[in-house]
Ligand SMILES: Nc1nc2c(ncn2[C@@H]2O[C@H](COP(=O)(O)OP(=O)(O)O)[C@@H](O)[C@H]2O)c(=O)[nH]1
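We begin with a single chain expressed as structure tokens, specifically the form predicted on its own.
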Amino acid sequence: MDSVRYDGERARIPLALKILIAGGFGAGKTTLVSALSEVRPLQTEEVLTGAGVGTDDLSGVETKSTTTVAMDFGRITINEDLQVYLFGTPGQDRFWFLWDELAFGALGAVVLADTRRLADCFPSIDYFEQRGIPFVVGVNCFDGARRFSLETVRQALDLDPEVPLVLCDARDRQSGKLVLIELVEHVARQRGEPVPAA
């Protein structure tokens, strides 16, 4: 088993941190997990069919052809003693019954916001606020989408001042890493732990 290291006679199991990737339908959750994961991500993508007509709102994401029906899963190894597990949540409300299971034991969450459908990330924000789970909001910069200042987005989402809000590109691994770093630093600040200087 490659996740268990042996030190002499005793097994050393790396610490695992769980981070959720949430947001509305089509916000880029599967894309972000795929960009960040060092292993081929587990995806539960299904093709959108006529059965979703009237249920799935495709306005603003008309070219979307698949949807996550359970979760996405990816892994990042920080070092031999620390691994990060990424769990992408399904974006449609009919799959929200899975969220409590996915959120159990999570360090925190990234809420992806799509400015073309900004209201779609409100349920994710509400979920984490009500449960006291630390989160950051990453504004996914889609090609061709209208750009807004972070302050305008913060006001539109009515975010508390201490909730970090950052621009990102879910397709770009480095951009995704910066969002995760922002989340970890936010959690450390909330816990009163030292945050390394950049």
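Remember, predicted model here, so these are calculated numbers, not experimental data. Residue numbers here begin at 1 and follow the sequence given.
Omitted from view is the form predicted together with the ligand, to which the following refers.
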Original post:
in the model of the complex, does residue 170 have a heavy atom within 4.5 Å of the ligand?
Top reply: yes
Original post:
Should residue 143 be classed as touching the ligand in the model of the complex when contacts are defined as heavy atoms within 4.5 Å?
Top reply: yes
Original post:
With the partner left out of view, is residue 24 within 4.5 angstroms of the ligand in the model of the complex by any non-hydrogen atom?
Top reply: yes
Original post:
Just to confirm, residue 30 within 4.5 Å of the ligand in the model of the complex by heavy atoms?
Top reply: yes
